[in-house]
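Before any questions on how it binds or moves, here is one chain, the form predicted on its own, in structure tokens.
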Amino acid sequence: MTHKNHFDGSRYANDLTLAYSAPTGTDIDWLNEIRQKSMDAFVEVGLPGARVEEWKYTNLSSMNSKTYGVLEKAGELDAAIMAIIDDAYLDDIRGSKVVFIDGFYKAELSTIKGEDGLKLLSLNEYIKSQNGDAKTLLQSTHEVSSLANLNSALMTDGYVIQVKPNIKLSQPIQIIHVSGERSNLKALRNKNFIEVSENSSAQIIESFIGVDNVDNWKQDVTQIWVEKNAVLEIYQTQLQGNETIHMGETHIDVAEDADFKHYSLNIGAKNSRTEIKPTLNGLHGNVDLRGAFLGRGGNSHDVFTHMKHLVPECESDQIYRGVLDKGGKSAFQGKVYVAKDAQLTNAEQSNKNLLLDRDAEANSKPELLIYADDVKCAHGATVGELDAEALFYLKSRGLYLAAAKSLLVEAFIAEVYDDVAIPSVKEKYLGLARAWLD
């Protein structure tokens, strides 16, 4: 029975038979059992509606009138797809490159560099080569939402990244997801796993790109473990097509003395929702979340974070900036939970939004749930227009109005990426923002 305030999702159960053979080309009993249990759990709850508090700004009602089917294989490569991949690839990064087309790993377009201590496989390859470990991994996801259950039921591929103890990867890993015309009215569901073991470090650059005028649904779920004294940095860019529904749900376990950083830029998609859910469960853990979202002409961006401080002496910092032009809409929902025993927590959260047109909308909903008494927790949220005095000053120095606006907006966004450790990634973020402004 569908839960109150949710849409019925039973029609998606019809796709299970297609999904059974999609990952490996053959049925695997334990995997099919996971799929069936996940689908049953999803159907029990359904798609979240606008009356579900965490989904109040992400309208899925249009999805209730249609079904996004399962693709059995990726579309054929063409010049447009190859151009997208070439544009997304950063030439100065010499590490492994992993390419997914329509949700399926493409070995012929990928380059897996052999590095000591690194295991990098598509999820399908991992299931084939490490059956028992794969079963354990696929059963490890915690705090499962209804849409995460749908992902587990109908996933077609994904990736597994495992960094062994005491290994510092010499180069970032680049992951590129491309959706083409063949994905119209299809859902592209990947399930991903990242494990960075004790005393190790890794950097991941991930891009999501799609063609315009294709109505598809990209829905990824990622589980991450950052072990004791490990460091993981993730840099994501979302440039999906103008009719795409894009959803990413990421769970992160952060251990003692571990450091997790996540940078993002959302520009594309008709509707995008980014969920980041870190859990600090080791002393002196640190999490930094920084992102920007730019919207106009029907774009809707929703960023939802849920930061859990479960142990003492951890730090978290969140900085998000939104720029909305005519017809753009955004929402930032940032929840920070501090457990009773998590004394000496330091948690900060900031969301600022610029409206470039009166026909734009920005929503901000910070939330602090603090059950400890010796903490430093703060949040700030603003929605406003460009400073009139600053515009006047720049115009008085000879800049045209459009150039003055662009300069102020770029400075507003640049604060998010001040600490980006990879120069070409930082320039990519700012270059994409400039192009959007122009």
Partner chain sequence: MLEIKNLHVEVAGQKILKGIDLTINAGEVHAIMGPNGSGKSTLSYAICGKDGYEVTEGSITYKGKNFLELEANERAAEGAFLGFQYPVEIPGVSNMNFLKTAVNSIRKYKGEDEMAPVEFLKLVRAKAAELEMDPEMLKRAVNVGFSGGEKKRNEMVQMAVLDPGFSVLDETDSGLDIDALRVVADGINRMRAPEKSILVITHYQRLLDYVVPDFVHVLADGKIVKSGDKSLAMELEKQGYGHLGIDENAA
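These figures come from a predicted structure and were not determined experimentally. Residue numbers count along the first chain shown, from 1.
The discussion below concerns the form predicted in complex with its partner chain, not included here.
Trainee: Identify which of I28, I370, M63, L408 has a heavy atom within 4.5 Å of its partner chain in the model of the complex; exactly one of them does.
Mentor: Residue within 4.5 Å of the partner: L408.
Trainee: Ok, I34, V43, L394, L386: which has a heavy atom sitting within 4.5 Å of its partner chain in the model of the complex?
Mentor: Of I34, V43, L394, L386, the residue with a heavy atom within 4.5 Å of its partner chain in the model of the complex is L394.
Trainee: For the interface check, one of 66 to 74, 395 to 403, 374 to 382, 53 to 61 should have non-hydrogen atoms within 4.5 Å of its partner chain in the model of the complex; which one?
Mentor: Contact criterion met by 395 to 403 only.
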